[in-house]
Each structure stands twice: as C-alpha cells, then as structure tokens.
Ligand SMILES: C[S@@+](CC[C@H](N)C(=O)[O-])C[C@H]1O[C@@H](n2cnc3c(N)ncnc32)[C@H](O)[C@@H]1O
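The chain below stands alone, shown as structure tokens; this is the form predicted on its own.
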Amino acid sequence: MKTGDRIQNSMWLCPICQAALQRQANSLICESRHSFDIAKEGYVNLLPPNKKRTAEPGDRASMVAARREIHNAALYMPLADQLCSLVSENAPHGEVLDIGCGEGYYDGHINTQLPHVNLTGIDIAKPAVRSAAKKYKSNSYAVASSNALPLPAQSIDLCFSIFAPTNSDELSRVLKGGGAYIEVGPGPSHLYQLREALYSNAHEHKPLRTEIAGLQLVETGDLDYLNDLTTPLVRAIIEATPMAHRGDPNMKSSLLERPSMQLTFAFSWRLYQKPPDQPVE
C-alpha cells in the first residue's frame, strides 16, 4: 500500500466538530471546512492547540530515539509476540487501534504477523507519530488525544495500549459490540534492578487495574524475563523513561560506569470485552 492510502481510506473525524474528514489533495477537510494538512510522512495532526497542556506534549524527540534504540535491540520482542498472539485470537482481520502508539514498534510486528489487520495509531507526541508514519506506511496515524479519539462510534474491533493512558468512555464509544481492549502495563518487578540502582527507596510497580467501566475483564496474563544489557542500552532505557530526570545523580553516574547490567522485564496484561450489541426487539 502506498504512502497516504490508509489516510485516504481512514475513518478520522474532525476534532473540532466531529464530522467525517475527507481527503482533498494533501489535506483532510470536513463539511464545515475545518482543514488538517497531511504531513509528508503520511500522518495528520488532529490535536487542537486548545487541547494541548504544553507546547510539545508527550515524549520528546530524544525519548523517541532512545526507545527506537531499545526496540532495535529486541528487548521487548517477547511482549510484541504476546501482543500479536492476543490480536490474532481476537481480531485477525479487523480494525485495530493502537492508543499511545509511540514510534510504532508493536504496529510493525502486527503488520508482519497479521497482514490482514487494518491498523490505526494515535499519540499526543508529534515526534513519535512522525517516526511511526515514516516507517510503517501501510498504517494510518494521527497526533491525537486518547481523551477524545477522532474516530466514529463502534468503528474499532480491537484497541490496545502499552504503558499509555486511556479514557474509559472513549474506549467504550469506539469499540464495536463484542470488541476487545488489551491493556499492558509494568509488572511489579519491571526494571526493578535499575530503579534500585537509581533510587534510595525503590518500590515495585502497583498491580495493573482489573476494572474498566463499560467493559468486562475476560483474561489476564503476566510475562517476565531477564536480559543482560550493555551500558549504552542501560543509558537508552533511562533516557526513554521518566528515570531520565529522576534519581540520585551520583547513583546514576556510578550505574553508568558498569560494563553491563542484568534487568528484569516484567509485564501484566488484561483483555477486556465490550458486551455484544443487544438485538433490536
């Protein structure tokens, strides 16, 4: 599929008036003539200025680059495989939405393993969306907020989010009846050795939630494994997370003098389902 084909065939709604957007030349335009330019990489910015909390919301370009380095090293490959398995079981030919898509690492795995899935991704960070759209041209991407998904009601077969915030009302609105939502978060011991080396009072992560209004929890799972990391990869993990600006500076300097470090990667996932549509009597 050529660059922009998915944009042209996408379901995007105008973030101002919620009318359908149609492609005209290199823009998406609604019936009220609100217009949004399509970037050369193929994504569209649907995050209105008055909805931004900062001038450049979301991950910085340096965080996106660090995350790309981590993913290129296949540190999260087992999680990507687990996600593909869940998508395959629940929406092998459907419309799939990645909420908080980042630079699209997991989308790329879905493209490879599940070529019949139609994949759409949103993120509030423009550098991340730009990177995703540039690399994964068969998908449709937009800069947008998870609190106001620019998509029609009941248009998505499966949503997923990995370490990203979501809005329960919006999840329920965009999912079709019987549709699924996969939420992935850190397991209690995720990167614990790293936090222990940076903080004097390191704590385990809190358990992932098990209740979402309007959705039913149908399956849970955990994934844990160890990786031996070189110092450059340890530095990349720090840069890609809030740890970049937290922790004791002296402890961080000492940590980065080590030649390598063994880290625990731990994830919890929850599979929810929207109740099927009730037949009309």
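In this text, residue numbers run from 1 along the sequence as written. Remember, it's a predicted structure, so these values are computed and weren't measured experimentally.
There is another form of this protein, the form predicted in complex with the named molecule, and it is not shown here; the text below is about that form.
K.L.:
Give a yes or no on whether every one of 171, 215 and 277 sits within 4.5 angstroms of the named molecule in the predicted bound form by heavy atom.
P.N.:
Zero of three within 4.5 Å in the predicted bound form.
K.L.:
Would residue 131 count as touching the named molecule in the predicted bound form under a 4.5 Å heavy atom rule?
P.N.:
Output for residue 131 is no: heavy atoms all beyond 4.5 Å of the named molecule.
K.L.:
If you check in the predicted bound form, is residue 124 within 4.5 Å of the named molecule, heavy atoms only?
P.N.:
Yes, residue 124 is a contact residue.
K.L.:
Test of understanding: in the predicted bound form, would residue 114 fall inside 4.5 Å of the named molecule by heavy atoms?
P.N.:
Output for residue 114 is no: heavy atoms all beyond 4.5 Å of the named molecule.
K.L.:
Verify the contact flag for residue 199: yes if a non-hydrogen atom of it lies within 4.5 Å of a non-hydrogen atom of the named molecule in the predicted bound form, no if not.
P.N.:
Answer no; every heavy atom of residue 199 is more than 4.5 Å from the named molecule in the predicted bound form.
K.L.:
Among 202 to 210, 172 to 180, 186 to 194, 159 to 167, mark the stretch whose residues have heavy atoms within 4.5 Å of the named molecule in the predicted bound form.
P.N.:
Selected stretch: 159 to 167.
K.L.:
I need to confirm a contact call. Of 90, 82, 146, 118, which residue comes within 4.5 Å of the named molecule in the predicted bound form, counting heavy atoms only?
P.N.:
In short, 146.
K.L.:
Between 41, 69, 239, 59, only one gets a heavy atom within 4.5 angstroms of the named molecule in the predicted bound form; which residue is that?
P.N.:
Partner contact (heavy atom, 4.5 Å) among the options: 59.
K.L.:
Mind listing which residues of 77 to 100 have a heavy atom within 4.5 Å of the named molecule in the predicted bound form?
P.N.:
Going through 77 to 100 in order - heavy atoms within 4.5 Å of the named molecule in the predicted bound form - there is one hit, 100.
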